[in-house]
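Okay, so here's just one chain, in C-alpha cells, the form predicted on its own.
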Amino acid sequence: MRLVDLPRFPLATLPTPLDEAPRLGAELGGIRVLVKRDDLTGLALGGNKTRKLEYLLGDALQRGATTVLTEGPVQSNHCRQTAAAAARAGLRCVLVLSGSELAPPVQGNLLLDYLFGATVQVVRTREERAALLAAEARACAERGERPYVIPTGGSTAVGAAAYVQATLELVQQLVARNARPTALYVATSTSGGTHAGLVLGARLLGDPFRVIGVAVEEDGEAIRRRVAALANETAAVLGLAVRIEDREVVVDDRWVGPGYGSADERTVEAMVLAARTEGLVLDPVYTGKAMAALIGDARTGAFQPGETVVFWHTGGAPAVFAHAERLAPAFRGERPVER
C-alpha cells in the first residue's frame, strides 16, 4: 500500500511553518537554527500527534468504529489531541490516564480532555493503565459499541506513516530555502512513532540529515530497538523494501534528567533561552529536553558557524501550566514582590 492510499481524516493545518531562529542561532555560536513548527498543527492547541491521528482516525472510521480509546500520563499531549480529534469525527472518546494522584488537579492537558468531552479514568501505574484500557475496550464491545484502541502516543505503523509524509514536507521546504541541515533534533520515547517515521522518511530521501532522537525517559537502548522495529513495520505497511537496523537509529539519552515528566536545570534553561530569544514555548517533558540537547551540542562545538540544524517542535504547550512550581525558581528575582 502506498502512503497516499492510506485512509485519512483531515485534522491538521499543513504544511506547518519552518521558521528561522536567528537570535537563538547567534546565541549558539552563529549556527543556523530552523524550527519545524508542529506545535502549530492547529487541532487542540497543536502538536505532533495530530498528524498521526489523521491516519489513525481514517483507519478507525473505515473500520466503522464508534468509540476511540487510548492511554497516557495525566498530562498526555496525545490524549488531549485524541479527545479533540474524536470530537471532530463524532466519535466517543475514552482516556485511561496514569499519575501519582487518583484525583489530579484539572489543569493543562487534563482540563482540555474534559473540555473535549472525553470519558476519563485515572490509575496510578502504567501496568494498571494498560489493563484498564483493555477492560474498557471489552466493555465497549459488550455494549454493542465498536471500539478502536490507539496505543500510547499513537505509535503504530499507521501513525508513524504520518511522519514519513512529514519528512517529505520538510525536505520540500528545505529545498525552497536552499538549506542543507546536517542534523535534526526531535524528542523521542519508548513509543517512538514520530522518531520512527522521520528515520524512515529520511532513509527514503537519501538520508539528507542525521535524525537525532533525544530521549525523554530512561533506557536509550530500548528506545533505539523500538524505533527501528516500528520504522520497519511502517515500511512493510507501505510496501517498501527498506530495512532500518538498530545501530542506525540515533538516540541521545544524556538529557533525561530525573526521569520521564521531570525537568532538570538544563531543560529549564533551554526553555527560557528559546522563549527569550525566539518567543518559543517549549514543555519540560519533551521539547525542552530536545532543545537542551541541541544547545548542549552546539556549546561543545558539534557544529561550525553557519552550519544548519533543524529542531522539530512537537508541541506540548498546555503541559507547561501543570509544571509551574518546577519552572517558578527560574524566575526568582524577576517576579514582582507583594507589598
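The model shown is predicted, which means the values in this text are computed figures rather than measured ones. For every residue, the number given is its place in the sequence shown, counted from 1.
There is also a form predicted together with a small molecule; it is not shown, and the following applies to it.
- Query: Quick one: which of 149-157, 169-177, 241-249, 262-270 gets within 4.5 Å of the small molecule in the predicted bound form, going by heavy atoms?
  - Reply: In short, 149-157.
- Partner-contacting position among 108, 201, 192, 213 - heavy atom within 4.5 Å of the small molecule in the predicted bound form: It is 192.
- At the 4.5 Å heavy atom threshold, is residue 314 in contact with the small molecule in the predicted bound form? Yes, contact at 4.5 Å.
- State yes or no: in the predicted bound form, is some non-hydrogen atom of residue 286 no more than 4.5 angstroms from a non-hydrogen atom of the small molecule? Yes, contact at 4.5 Å.
- Message: Quick check on residue 77: any heavy atom within 4.5 Å of the small molecule in the predicted bound form?
- Response: Residue 77: yes, in contact with the small molecule in the predicted bound form.
- Message: Is residue 84 part of the interface with the small molecule in the predicted bound form - any heavy atom within 4.5 Å?
- Response: Residue 84 lies outside the contact set for the small molecule.
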